[in-house]
Structures are given as structure tokens and as C-alpha cells.
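One chain comes next, on its own, written out as C-alpha cells in the form predicted alone.
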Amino acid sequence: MQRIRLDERVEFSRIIHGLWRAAEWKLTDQELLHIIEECLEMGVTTFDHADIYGDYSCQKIFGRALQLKPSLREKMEIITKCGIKLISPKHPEHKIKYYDTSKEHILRSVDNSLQELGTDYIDVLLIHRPDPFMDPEEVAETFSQLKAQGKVLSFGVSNFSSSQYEMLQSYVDVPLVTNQIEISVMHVDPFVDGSIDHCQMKKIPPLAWSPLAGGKIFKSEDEKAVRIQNVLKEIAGELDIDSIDVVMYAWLFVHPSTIIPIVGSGKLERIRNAVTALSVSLTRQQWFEIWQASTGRQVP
């Protein structure tokens, strides 16, 4: 498995396992541990979380499984995110969904993540969404404190525009290491809105959430999805590949920006398909066939 270095302290596997649906999988702790072990065996060593996933439950679910074999922590990297407050029975004080990037909230969220995950450090902490009420000086101070305490090794953002990224970076005294954004054959906006350009300029690998477009390609009957599906099937046939999700991952892998997809599935077959895609080489023409199917028009 290819390894991607983010800074002097952290490197990720080229594929990340995402746990945002872990509560929906309804797995026992032992069953989830089996998936974790199989991921590690495949070289998928990086696991993506957020404090709010599964209505604030997914970190604890993962932590329970990990406690069955605590030695596995040394073999993995953990990402988590904070900054969103959900309307939830667990937090009746939240009258609305809103963002909170205050020092108090970030520190409390990190401490809670450490406790739930059963670890004493987070490899990378991301601010989950750009906060229009953010005080970047306060965020920078909080990052410095967490780094000095050894609770977080490195920091990044999620769903930030290029300008929002640069604004926060101008206050933070260490380089932000990534931006987690939505990228897929159904969602090509980052290639034209400056997001991918910015990642390449900063030499940071973008993390791609929803790399299979939330399954829309497999079940949607709208014109765009059907158009893309037909092209994916055609290319899969050319490459003698059984599943179009392999082609969808390969489309991301071949791009020179070093996109790292987050595979949010509890099925090992889906994770293995992503690993298989690492050895699939799309031609430039095939890449643009998929691009054309997504945009609905030829390039100018």
C-alpha cells in the first residue's frame, strides 16, 4: 500500500477507512475489530472519524472494538473532526444546528474523542466546516496548546474553500496538512473551483469524502447518473474489471494531486475494490470520457 507523508510526524495510507456510518452497520465489537484487522492487513491503516458521526456515537463504537486489541493503535492513524453542534437528544441544549470553533469547544471535543476512541493522541484533527463566526487567532492558540500537550500531532480542515484555508493558515504557526472535500465522478466541482489547484499549489493531498457519490451511481436513475454509469461500465469492460466502483476509485487515484479517498463502508468487499483500483491505470482519454459524462459536454 502506498503511503502519503503529510508532514514530519504523520503519514497516511493511500486509502482511508471512514467510520461515519459505523452506527448503521449494526456490528458487534468483535465484528468491527475484524474489519479493522482486515483493513490493516490490506495496508489501510488510516481511519476517519468526527465527533458528531452517528449522532455522537461512532467514535465510541470504534473505541470499544479497538479496546479488544489495544496494540492495534500503534499500527494505525486516526483522523477526527470537530466544530459542528447537532440537534440531538444527547445535547438538548442545542436548539439549532450550528458551528462552534471556540477554544473551549475544540478542547472539550478533543478530550471527549480521546476518551471515546481509547487513545492518548489524535494523529490529525480537522475543523469540520468553515465557521463564519470563527476567530482564527483563537483556533491557532488552541492548536498550539493541543500540539504542545501531545494530544494532537497535526491539523487540517474539511470543506474549506481555498481562501478560507489560507485565512486560517495565516494564523496557525504550523502548516495545515490537508483539506477533506467532496470529490467523485458525480461531483467534479473541486477540479474547477480552485480547490484541487490550491491543494497542488500547497503540495497537500486532498482527502475525498463520498468518493462513490453516496452510492448514487448504483441506484439513481437521473440522466447524469445513468450517463456516467454507462461510461463506467464501458471502461470497466475495456479493462476487464467486474465492478464500476473500481473504475471510480481509479479515476481519483490517477489524478496527479494525490487524492486520498475515504471508503465509508462496513463491507470488506468494497474496501478491497478500492485497494484493487490502486493497480488500475486509466488512460488520459478514459479519464476525460468520465469527465465528459459527468459534465455533460465536451471540453472546450
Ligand SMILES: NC(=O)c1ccc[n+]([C@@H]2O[C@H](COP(=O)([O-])OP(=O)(O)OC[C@H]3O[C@@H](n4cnc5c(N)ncnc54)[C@H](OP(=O)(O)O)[C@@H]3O)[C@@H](O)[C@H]2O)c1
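In this text, residue numbers run from 1 along the sequence as written. Just so you know, these numbers come straight off a predicted model, no measurement behind them.
FYI, the form predicted in complex with the named molecule isn't displayed, but the following is about it.
- Shown without its partner, this chain lists F191, W209, Y99, Y165 as candidates; in the predicted complex, only W209 has a non-hydrogen atom within 4.5 angstroms of the named molecule.
- Within this chain, G266 lines the site of the named molecule in the predicted complex, having a heavy atom no more than 4.5 Å away.
- Taking non-hydrogen atoms only, W20 approaches the named molecule to within 4.5 angstroms in the predicted complex.
- None of the heavy atoms of G118 is located within 4.5 Å of the named molecule in the predicted complex.
- Using a 4.5 angstroms threshold between heavy atoms, S195 stays clear of the named molecule in the predicted complex.
- When contacts are defined as a non-hydrogen atom within 4.5 Å, all of K81, D245 and R270 contact the named molecule in the predicted complex.
- Residues placing heavy atoms within 4.5 Å of the named molecule in the predicted complex fall in a single listed stretch, namely 153-161, out of 170-178, 135-143, 106-114, 153-161.
- In the predicted complex, H128, R129 are the residues of 124-144 with at least one heavy atom within 4.5 Å of the named molecule, listed from first to last.
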